[in-house]
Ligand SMILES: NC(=O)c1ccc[n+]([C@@H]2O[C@H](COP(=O)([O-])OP(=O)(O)OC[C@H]3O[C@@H](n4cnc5c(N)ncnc54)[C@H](O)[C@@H]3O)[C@@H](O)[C@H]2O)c1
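Next up: a single chain in structure tokens, the form predicted alone.
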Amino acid sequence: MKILVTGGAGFIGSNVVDAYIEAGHDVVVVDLPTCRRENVHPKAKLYLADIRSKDLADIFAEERPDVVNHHAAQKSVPKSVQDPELDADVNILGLLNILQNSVRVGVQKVIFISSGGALSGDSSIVPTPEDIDPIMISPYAISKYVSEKYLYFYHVTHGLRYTSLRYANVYGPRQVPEGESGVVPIFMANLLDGRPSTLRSYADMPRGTTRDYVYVGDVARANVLALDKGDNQALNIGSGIELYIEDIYHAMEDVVGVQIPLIRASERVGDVRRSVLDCTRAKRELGWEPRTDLREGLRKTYEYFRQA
């Protein structure tokens, strides 16, 4: 089938594109002119466009994809707090542009990338399943929640099938230590360069917040399975293992073979204290569960950084 992947030159999106092509599908990528073109698989067709642009209509009319995989997003929680209008413009209006064009050309299904960590909030249920009422403490989380409601509307009104994949903290090759990239690439780059890293934590959580980490190769496999499974559902995609940020850092020190003390700092506005996902539904509906343990994933990430 033909699959259009927005954000397909990014860290996760490009790994998903590779998995789709390896599975025998035709892939079209839509990403910004500033994207990392070197990440795009040579067999994929690349369009340089903003998901909010009117140009998207011409791309959809030309390519007429069977499935849209929507990875493009404003992904920074702090930026969403600072500029909620930008967050809504990209994450909500950008999605609506995609959905309108999908209906117009007869797309069969949209795979939407949501956030398990942002939507689970500081839930009292840990690991957190998909059916809890979200505790949203950032505009980013709100935009993901609203987007899932729009997906349901387009399904009921237009018959457009969807699967919402709620990612945990994804890490692995091609993730860069820039902007809102997660702690793994930032810590890795600092360790390799001999620089100290900063641990942001709440006063009553000195080891940092907790997170659920999942390797990008496992995430890409979930996107392949979601092509024809998990219709009209939200599915958590994570490891189900809760880890303190400080524990991740020490595991990375072991992999790299260096030890550099952490710098302690206060939490950021919008930071969730605890986040770990219950992925039982993904196992049942997709036949998916993670295969890469943390040490193996960090070793693969380390090798990528050494060769980059």
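Numbers follow the displayed sequence, beginning with 1. This one's a predicted model, so the numbers in the text were calculated from it and none came from an experiment.
This next part talks about the form predicted together with the ligand, which is not shown.
Site residues Leu32, Arg36 and Asn169 are all in contact with the ligand in the predicted complex, judged by any heavy atom within 4.5 Å. The stretch from 137-145, 198-206, 227-235, 185-193 that comes within 4.5 Å of the ligand in the predicted complex, counting heavy atoms only, is 137-145. Though the partner is left out of this view, Asp50 does reach within 4.5 Å of the ligand in the predicted complex, counting heavy atoms only. Within 4.5 Å of some heavy atom of the ligand in the predicted complex lies at least one heavy atom of Ala9. Among residues of the shown chain, Ser115 is one whose heavy atoms approach the ligand to within 4.5 Å in the predicted complex.
Looking at Leu96, you'd find every heavy atom of it more than 4.5 angstroms from the ligand in the predicted complex. Of the residues Lys109, Lys75, Arg221, Arg211, just one reaches the ligand in the predicted complex with a heavy atom at 4.5 Å or closer; this is Lys75. The partner is absent here, but in the predicted complex a heavy atom of Val90, alone among Val126, Val81, Val90, Ile132, sits within 4.5 Å of the ligand.
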